[in-house]
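What follows is one chain in C-alpha cells, specifically the form predicted alone.
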Amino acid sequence: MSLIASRLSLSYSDIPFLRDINLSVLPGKITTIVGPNGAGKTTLLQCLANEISPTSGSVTLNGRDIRDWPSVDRAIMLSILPQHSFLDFPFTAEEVVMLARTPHATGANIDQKVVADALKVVDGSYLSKRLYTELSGGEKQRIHLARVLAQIWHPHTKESCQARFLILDEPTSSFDLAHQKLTLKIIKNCAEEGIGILLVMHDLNLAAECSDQIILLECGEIAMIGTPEEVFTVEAINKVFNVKANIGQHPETGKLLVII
C-alpha cells in the first residue's frame, strides 16, 4: 500500500516540466520535496493527486492506477492541500470543513464530530461559526488544513482497509511561529496514525525536522533523494540553491540545521 510515481514525465509544447520521476510515499512516513522556485514541485504534486495527467509514466495509489479509482473512493484515501485555496462563498468555517465529508456515507452525527475534532486539532474551534470570507489569511489556511484532515479522517467505508495519504503544498507558509510548530506536530501525528505524508516546503530546517525522506528537485528532475542528512549537504545546497551554506546541529532537538 503506497503512492508511487513511476517514470513520470510532463511536457507542454515540447517543453519538459518533469522528467523521469520515480518516488514512493509510504504509509506512516513523511516525504518532503524541496527545491528552488520553478523546479516543478507543485506540478509534481498535481500529477500525484491526479489533477494533471502526465505525458508519460504512471501514478499508482494502493496498488491501482490512480485514474482507475472512482473519484469518491480516491477522495477517501487521498487529500490535497494546495498552496492557495480560493473560496468566496460566505460559508462559516465549520461549513467549509464539512465539505470534506461529502465522499463519506457516515451520517450527520459522525460528520459533525469529525469536523469539530478537525477544527480542534488546528486550533480553529473558536472560528467555527465565523464567516470564512472574514478570516485572515492564516486563519483561512488553518480551516483548509482542517478540511483536508476531515476528508481522510477515520474512514468508515469499504475502503477503510486502504492506506490514506495527505499531500500538503507549503502548509506552513501563512502561519505564525506558533502555528508552524502546531502544523509540524499535526503532520507527525498523522504519520504516527499510519497516514503517508507528502509535503512541499521551502524552509529546509522545517523539512529536516519532520521528514523521513527528502526529495531534492532541480529543473523538473530528482537531483537527490534520501534522509535529511544524506540530501542536505553543503555541496548539494550550494549547487541547487546557489547559496553558501553550513550544516550544523540543533542544540535542543539534535536535528540537522542548515545555516545560510
Partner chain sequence: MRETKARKFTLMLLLALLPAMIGAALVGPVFISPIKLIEVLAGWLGLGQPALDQISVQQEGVIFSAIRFPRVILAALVGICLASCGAVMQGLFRNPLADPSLIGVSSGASAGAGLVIVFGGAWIHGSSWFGLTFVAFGACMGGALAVLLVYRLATSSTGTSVPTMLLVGIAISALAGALNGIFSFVADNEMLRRMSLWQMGSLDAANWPRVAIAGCAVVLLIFALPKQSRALNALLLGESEARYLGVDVERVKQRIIFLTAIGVGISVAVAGMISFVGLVVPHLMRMMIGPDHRYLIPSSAIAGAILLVVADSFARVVVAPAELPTGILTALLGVPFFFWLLTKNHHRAMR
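Positions refer to the first chain, counted from 1. Given the structure is predicted, the values throughout are model-derived calculations rather than measurements.
The same protein has a further form, the form predicted together with its partner chain, not shown here; the description that follows concerns it.
- Judged by heavy atoms within 4.5 Å of its partner chain in the model of the complex, the contact stretch among the candidates 173 to 181, 186 to 194, 116 to 124, 89 to 97 is 89 to 97.
- Put simply, R147 is close to its partner chain in the model of the complex: some heavy atom of it is within 4.5 Å.
- Residue contact with its partner chain in the model of the complex: R101 places a heavy atom within 4.5 Å of it.
- Of the heavy atoms in A49, some are within 4.5 Å of its partner chain in the model of the complex.
- Shown alone here, G138 lies farther than 4.5 Å from its partner chain in the model of the complex, counting heavy atoms only.
- Judged against its partner chain in the model of the complex with a 4.5 angstroms heavy atom cut-off, the residues K29, N37 and S58 are out of contact without exception.
- Interface residues of 67 to 91, taken as those with a heavy atom within 4.5 Å of its partner chain in the model of the complex (partner not displayed): S71, V72, A75, L78, I80, P82, H84, S85, F86, L87, F89, P90, F91, in sequence order.
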